[in-house]
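In structure tokens, one chain follows: the form predicted alone.
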């Protein structure tokens, strides 16, 4: 805990009041010889006190860490008796290692990280998620020189490019690089990142091969048979890496696409909302051991995060400008407020001066954004299989079992019902838990029009021309 956090915690009247209540309850519990912790905080009944109050959560400097910053700044953690320190991490690997080792109690995570860790791809650890942090929020940016070539192939209307822009307009540029014997390099943030999968999806939908992983033979490059070579670059370093000419483009969250516009070094050509409308994005991850050992704490963390997500979206995003000011602080995203505001306030600037409305660029609560749907987990697993990170065919039941092992809607439901009992939410603001299955309806809201049904992962994969399916291996 930093000195700032410690002073803030000890001087806070909510903290003092919660400590008094906890001390009284502890005395009663000791007198009865029963303790304070219920066997399972996820069962019905009154939610108990947090078993662990002092917590440290990690995050990466991206605008979609906003629910953590808001829960902290608005006192939502403290309302639950939680005293949280937030620590920016250098990259996604360092962040994951921190959660696994226990130096971090939880973290803002890539949705693929808990799934990959649990099945043993890369780091092996049982990580769970009871809370999805947001929908959408990413973009794909190309260098000015590549965009200039693409732009000639993109249809225009009233002098402006028609969106969404497909990777088919990039294909001739990549072909020129091949003929010149030059690699075409692009950046993404981590091998199991949403950015890797959405960038691959966009490229393949345009007829470009983004390359395979062959974990059976120890290959983790993801570049086997690739037209476009993808490699890892930490999010805040994307603009500088593009400017240095190491990569020709990248897929990343905000504000690092809009930063390219401000610096005059690149053009965001498409948002991930245009690749898959209201796609799942980051999650909040904890170890399975943590939620077993501290069940009340886990539920209370989710309560605070749900309130933060709701605050970010309520009254038609009325609080977003305040959120922008908070996120611009150096301890959070640390970018200019004007840059963060470009995407956080319902607009997105593509080419310089081409500002368009994208009201759902960042979604933190509406559309059931925070509920951990099993079908979201299954989609990420299909992409791991499509590109070889899952090297062999798995039955549909395997996808469902992994999803249910990692995604924990039971914890979310407990938190939501507690918020309703507290009078802070109405039941209608959450999924109907009595009938909710965890699987969203089938959708074809993808740039290529392919239909995804989370109940049929193997059938889904057969629809793609590029990518592994059935019994195929690399």
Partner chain sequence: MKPVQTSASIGSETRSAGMALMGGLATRVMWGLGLPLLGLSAFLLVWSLAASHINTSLGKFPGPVAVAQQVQNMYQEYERAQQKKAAFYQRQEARNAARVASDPSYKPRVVPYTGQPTFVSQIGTSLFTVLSGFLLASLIAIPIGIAIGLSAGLYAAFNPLIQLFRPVSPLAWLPLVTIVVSAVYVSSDPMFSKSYLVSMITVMLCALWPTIINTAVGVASISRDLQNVSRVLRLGWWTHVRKIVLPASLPMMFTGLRLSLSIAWMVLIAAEMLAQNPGLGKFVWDEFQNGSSQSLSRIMVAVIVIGLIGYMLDQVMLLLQRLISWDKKAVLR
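Model, not experiment: these values are computed from the prediction. Residue numbers count along the first chain shown, from 1.
Although it is not shown, the form predicted together with its partner chain is what the next lines describe.
Note that among 363 to 371, 123 to 131, 205 to 213, 71 to 79, the stretch whose heavy atoms approach its partner chain to within 4.5 Å in the model of the complex is 71 to 79.
This chain lacks the partner; the member of 231, 169, 237, 317 within 4.5 angstroms of its partner chain in the model of the complex by a non-hydrogen atom is 237.
Between the options 173, 88, 224, 119, the residue in contact with its partner chain in the model of the complex by a heavy atom within 4.5 angstroms is 88. Proximity of residue 402 to its partner chain in the model of the complex: non-hydrogen atoms within 4.5 Å are absent; the residue sits far from the partner. Its partner chain in the model of the complex is not approached by residue 197, whose heavy atoms all lie more than 4.5 angstroms from it. Among heavy atoms of residue 330, some come within 4.5 Å of its partner chain in the model of the complex. Looking at residue 389, you'd find every heavy atom of it more than 4.5 angstroms from its partner chain in the model of the complex.
Here the marked residues 61, 259 and 335 all reach its partner chain in the model of the complex, each with a heavy atom within 4.5 angstroms.
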